[in-house]
Ligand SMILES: Cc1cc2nc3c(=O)[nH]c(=O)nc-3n(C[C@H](O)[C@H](O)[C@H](O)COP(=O)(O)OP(=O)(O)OC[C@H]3O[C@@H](n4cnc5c(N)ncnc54)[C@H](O)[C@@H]3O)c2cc1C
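In C-alpha cells, one chain follows: the form predicted alone.
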Amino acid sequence: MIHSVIERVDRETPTTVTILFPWEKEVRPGQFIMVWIPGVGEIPISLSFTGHTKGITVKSYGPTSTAITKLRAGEKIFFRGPYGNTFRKHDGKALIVGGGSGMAGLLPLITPESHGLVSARTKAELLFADRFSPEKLTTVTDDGSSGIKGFAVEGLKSMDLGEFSMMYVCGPELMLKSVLDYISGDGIDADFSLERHMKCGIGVCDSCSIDGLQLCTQGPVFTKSALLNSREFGRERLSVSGLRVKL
C-alpha cells in the first residue's frame, strides 16, 4: 500500500471534490488507482491529474467515496496502483464526451484545441466544463438548466460528428451504450472508459468482468470495435455479491 500527504482539496461541484497529492510514479490517461480508507473500504478511481502532482476527482455516492471526499489537506491518502490500460493517442480532431463524474478520467486528455460534450443532471453538477473553450463546448443536462435538455446522446445529435475522427467517452454504462449505438454506423473511432464493481484491481476476483474480460487488467478502456461485439456491455453486469443482473 502506498501513501501520500494531501496537498490540496478543491470543491468542483456540490457533490464532487478533487484531491491533489505528490507521487512520482508515471501514470497515463485512463489508468486508475485503488483508494483505501481504513475501516471503510477500497474503491477504484481514475486519475484526473497525471503530472508530478497527481489528483483524483471523486463524487460522493457511497460510504467509501463519501469518506474520501471528507479527506483534508495534510492528511494521508492510501492507495495502490496504477492499474489498467490507457486511451489511445490520436493526432486528428477528437471529441471528448463525459457524463457526470466520468469527466474526471477524461481531464488529462483536454488541450486548448479540444472539443467537448459535457453532460450532467443539472448545471451545478457539470464537471470540468470550464476547461473547454466556450466555442468548442456543448453542455447537456437532464433538467435543461444548461445547454440541451436530455442525455448525452442528444448533444451528439446536435453536432456534426463528421468533423471528428476520434471520440473519448466516459460516464455511466447506459450512457456509454447509447453513445456507442448512435455512432455504430459512423466512420468515427472511439475509446470508452468503463466503470464496474471492482474488488481486487489485479484480475483475481472477476467482479469487474465483462464478456470474460477484466476491466482492471484488460480495461478499463475499450475500443469502439471491441464493444460493438460485446454481449454484455450495456445489458448486464455483476452486482457486489457476484450476481449477474440486467442494467
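When you see a residue number, it is the position in the sequence shown, counting from 1. No experiment lies behind these values; they were computed from the predicted model shown.
Form predicted in complex with the ligand: not shown, discussed below.
Determine whether any heavy atom of Glu195 comes within 4.5 Å of a heavy atom of the ligand in the predicted bound form, and answer yes or no. Flag for Glu195 set to yes.
Might Pro44 be said to contact the ligand in the predicted bound form, defining contact as any heavy atom within 4.5 Å? Yes, Pro44 lies within 4.5 Å of the ligand in the predicted bound form.
Any of the heavy atoms of Leu156 lying within 4.5 Å of the ligand in the predicted bound form? Because no heavy atom of Leu156 falls inside 4.5 Å of the ligand in the predicted bound form, the answer is no.
Mark Leu176 yes when one of its heavy atoms lies within 4.5 Å of a heavy atom of the ligand in the predicted bound form, and no otherwise. No, Leu176 is distant from the partner.
The ligand in the predicted bound form: contacting segment from 144-152, 131-139, 112-120, 98-106, heavy atom within 4.5 Å: Single hit among the candidates: 98-106.
Since the partner is left out here, which residues of 110-147 would have a heavy atom within 4.5 Å of the ligand in the predicted bound form? Nothing in this stretch is in contact.
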